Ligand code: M6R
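In structure tokens, one chain follows: the form predicted on its own.
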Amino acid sequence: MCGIVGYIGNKSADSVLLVGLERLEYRGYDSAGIGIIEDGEMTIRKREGKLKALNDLLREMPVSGNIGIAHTRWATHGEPTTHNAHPHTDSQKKFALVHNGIIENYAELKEELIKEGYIFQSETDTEVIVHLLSKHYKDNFEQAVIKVINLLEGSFALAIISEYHPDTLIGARRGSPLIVGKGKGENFLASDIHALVNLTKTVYYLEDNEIAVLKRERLSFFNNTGKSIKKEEKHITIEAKAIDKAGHEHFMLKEIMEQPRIISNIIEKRIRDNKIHFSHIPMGNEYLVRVGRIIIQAAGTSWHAGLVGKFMIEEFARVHTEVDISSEFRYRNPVIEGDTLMIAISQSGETADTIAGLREAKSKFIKVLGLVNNKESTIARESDAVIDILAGPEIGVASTKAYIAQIISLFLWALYIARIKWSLKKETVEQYIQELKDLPDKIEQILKQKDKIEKLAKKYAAKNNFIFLGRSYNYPTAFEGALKLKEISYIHSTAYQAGEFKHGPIALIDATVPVICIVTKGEIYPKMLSNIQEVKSRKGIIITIATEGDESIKKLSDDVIYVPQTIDILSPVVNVIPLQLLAYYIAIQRGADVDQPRNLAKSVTVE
């Protein structure tokens, strides 16, 4: 993985491809490359590093042509070097391709090819595919692609061009997303809708084992048996302005600042006449009232949102809820049967492990509710029902507004189920809705403290180890705060349930380690105070997230960030905001690339 763009038309392909790659930079990558058929000959340019390095190379060695492919690579097999960058070609440079995914049987395929005399130039699994194309090509481009993809095990999204067919661009997918864009006298391929926003409004989403053949004036689609298939047109609704920085220095800061508006938008779309509406969900009340167990499976930040969601669902709907890490769930032969509902959470809707968990549930005839930020994603298409979290495009690799939107969506879903099951009274639900409506203003109050939080970041930016502590509803908040800090600043940070801290991890405390404690007023407030005393007695540096007006916490803290009072169950929403800002400003102080942190990809589409 990470980003694919393909073009065929009348324009200069290199300019179209580079603009597309720029739109995909947010996904994270370590090298970039472009392949063009120029006057009937294949021309490849690629470089390790950022797109600037590729642009510099193209200024020195320009290319022209009307058909091409391009790629930003996030290394899986082979180091992030120029020779491992995509596109890859066969030995005669008659075929070139770019690839997202992992070919699981590449080693045995490579061994066979080497025995047959094929010479490899890279350490990647991808190069196997292009040599297989060369081997199986018999004057029919489409048939060669079909033959090759049926030999592959694992996941792939491919964009392929050939000197033999300079009027044809082919795409194929299994497991990794690939989108076809339709234009006038031109057509496009991309791994992400953002690459196509300024190019077309009409797209087709390829499903597993489907192939697209793109000509300038024609599109055709096949399955992996070669049978022609019809695809449904979809229309892009994202506006270009939604994926720019809107005057902010970074996408991450823009997205942090958008969070009050995101919550207001969810409230506007989901609540009418003080009632929660999920009328678009094709799961009848007769089914939902029978649900006796919910399994939430997700990865990373989405997993943290799921942990908060567990509290909400059990508190409101009184349904036993488990939260699993997707990469573990899929391999542990889970016991799922009867009236169980799975909730699959993924910002992109393309997280490979979460998709695999969804399919595991479906294979056992368990209904799946997808909670995604992309209604056209694989998870959305394969789920029995979908909740759009309504966060809008999230470009920063470190998720912020999508996390908040996931929690709010889970909050409303928990209340919705509670009413169906009659576990909460109508008046009680209305009280919770009012608390939710107050959140945007409360978050605005926290955002007004960003200058103070920036000063705090300067104070602690040189520290190399942080610990985060939280309890009850806010131990997931501690986990999320630690993840944000390590993702973008590269500081070692770890989080614990505060009650577990004394069972071993407290050995880490000394006078050099900042401990960030989430200690807002609520049911477990006295317990958190005890945990803070344990840290203080061992000379730890204490930074607290506390409720406005709590003067006593100052005596225990080296620094305090105050947040407005809210009910316990919504406190994770207000408490995570200062942690997002602190991570952002510490990363800035350390000179890190906030929007494109090293080694990370926005959407993890491989295992």
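Just count from 1 along the sequence shown to find any residue number. Worth saying up front: this structure is predicted, and the values here are computed from it rather than measured.
The same protein also has a form predicted in complex with this ligand, omitted here; what follows describes it.
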Exercise for the section: Look at the candidate spot formed by S302, V397 and E487 and say whether this ligand comes within 4.5 Å of a heavy atom in all three of them in the predicted complex. Expected result: yes
Completion exercise
Checking N474, T72, Q347, T378 against this ligand in the predicted complex, the residue with a non-hydrogen atom inside 4.5 angstroms turns out to be Q347
Completion exercise
Only hit among L483, I532, L390, L424 for heavy atom within 4.5 Å of this ligand in the predicted complex is L483
Problem - this ligand in the predicted complex: contacting segment from 461-469, 203-211, 292-300, 269-277, heavy atom within 4.5 Å - result: 292-300
Practice task
State yes or no: in the predicted complex, is some non-hydrogen atom of T520 no more than 4.5 angstroms from a non-hydrogen atom of this ligand?
Solution key: no
Practice task
Answer yes if any heavy atom of N187 is within 4.5 Å of a heavy atom of this ligand in the predicted complex; otherwise answer no.
Solution key: no
Problem - Proximity of T351 to this ligand in the predicted complex, heavy atoms at 4.5 Å - result: yes
